[in-house]
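Next comes just one chain, in structure tokens: the form predicted on its own.
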């Protein structure tokens, strides 16, 4: 039996209390995780200053070099995993066993995490807008001809992690290069990625004191967010809503990402079918940057039919099948509840499940696991309950909205891919407060660039700029 311990300033610690994580198919216990209670977490976090001090002993350039070395260790090497060791192939199989994610999707997510560490210099340059990183070492310097000074808002970043997609771990990794310690609460069925990243970093020379790893319950999660100076919380809207007004916490919830086609391009919509399909189905539809909506001025029914025909080819496959595109649900009851929510929305007039004609049921049992098949819904109005919804599988609504009304009704959208050459429309999108990340042109919503912030800006979350002047002292 694999046992994953707590890491207290990098030191393994076995707890009497354990959580047993089952194999997604057999439901037999696959791994045990030591559980940290809120009191232990609060006690450890009294020494956050020492965690950060271990990082400040190094220059930013040295930490960047360590991140680059850690990328290779994470991707290829055998690393500690509890009482034993874990090869890269072990990691793929183990992560798949507890989450159901097919191996091919695990490996794609590995590449994202690898890229975050290997391209850390580009990431930091994008987050800091090209700041001379020596300024982080000295606390002050010159940027674009002006004296500047930055100070850390916190000694540690507390991160409450999900289980749906390993790729999200690329978002908190830059904290190490910014000399901010990490306090990580892994997802209940995905303890593997944050533990392996920490071990790769430690092997690369990052001081182990900079890492806290606390499998815990809701009370322990609250202790992390309440006692770390800055936090990052991944979860659905109901989970993260409690912290909606807490500026210390960067929230990563539902994305409501969309593909928009402008009036000038809509009559050629067939050219962009690949972009729409990829935006919806890549990574099994489980990322906040997957498109959950396609918003167009006309041809909505035809577009929905074309997307549905393509997605009808997606079917459950064995976890080792390289053509697998969707993941089962580790807990089948979750799939049942999601499918019921979709059906509830469809009972209201004005929406049609265009994919229904291609199958007997959206909810399927296959090889001992529960799946939700991709679903495309055509909505006659943006006001329909399913027009702007997001679920944990490939789901998208196709909505017809006049272009001159679209930006008034689109709602908050993490990523918008706008397929248009209309400069006036582009200017309106650029100034829209509803669009967080913007792609102009036929770029899938899932396509990322390392020098662009994904959601929010981690540097601005962790550092603040102060007014600064300096004169010689006689």
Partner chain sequence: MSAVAELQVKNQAAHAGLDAWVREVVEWHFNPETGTPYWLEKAKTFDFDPRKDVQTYADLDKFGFFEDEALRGGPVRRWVPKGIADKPIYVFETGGSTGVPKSRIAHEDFRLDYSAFSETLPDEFFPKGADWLMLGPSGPRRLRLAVEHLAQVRGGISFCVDLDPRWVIKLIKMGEMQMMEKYKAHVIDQALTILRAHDSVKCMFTTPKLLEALCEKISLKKAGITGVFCGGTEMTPQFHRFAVEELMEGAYFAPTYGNTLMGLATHKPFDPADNYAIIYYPPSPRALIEVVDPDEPNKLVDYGKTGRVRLTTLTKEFFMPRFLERDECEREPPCELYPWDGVRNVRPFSRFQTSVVEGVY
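It should be emphasised that the depicted structure is a prediction, and the values quoted were computed from it without experimental measurement. Positions refer to the first chain, counted from 1.
Keep in mind that the form predicted together with the partner chain is not shown, yet the notes after this line are about it.
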Q) Does any heavy atom of residue 457 come within 4.5 Å of a heavy atom of the partner chain in the predicted bound form? A) no
Q: Tell me, yes or no, whether residue 37 is in contact with the partner chain in the predicted bound form, where a contact means a heavy atom of each within 4.5 Å.
A: yes
Q) For residue 42, is any heavy atom within 4.5 Å of the partner chain in the predicted bound form, or not? A) yes
Q) Heavy atom to heavy atom, is residue 242 within 4.5 Å of the partner chain in the predicted bound form? A) yes
Q | Listed range touching the partner chain, judged in the predicted bound form by heavy atoms within 4.5 Å, from 416-424, 43-51, 24-32, 403-411 | A | 43-51
Q: Pull the contact list for 1-32: residues with a heavy atom within 4.5 Å of the partner chain in the predicted bound form, in sequence order.
A: 8, 13, 14, 15, 16, 17
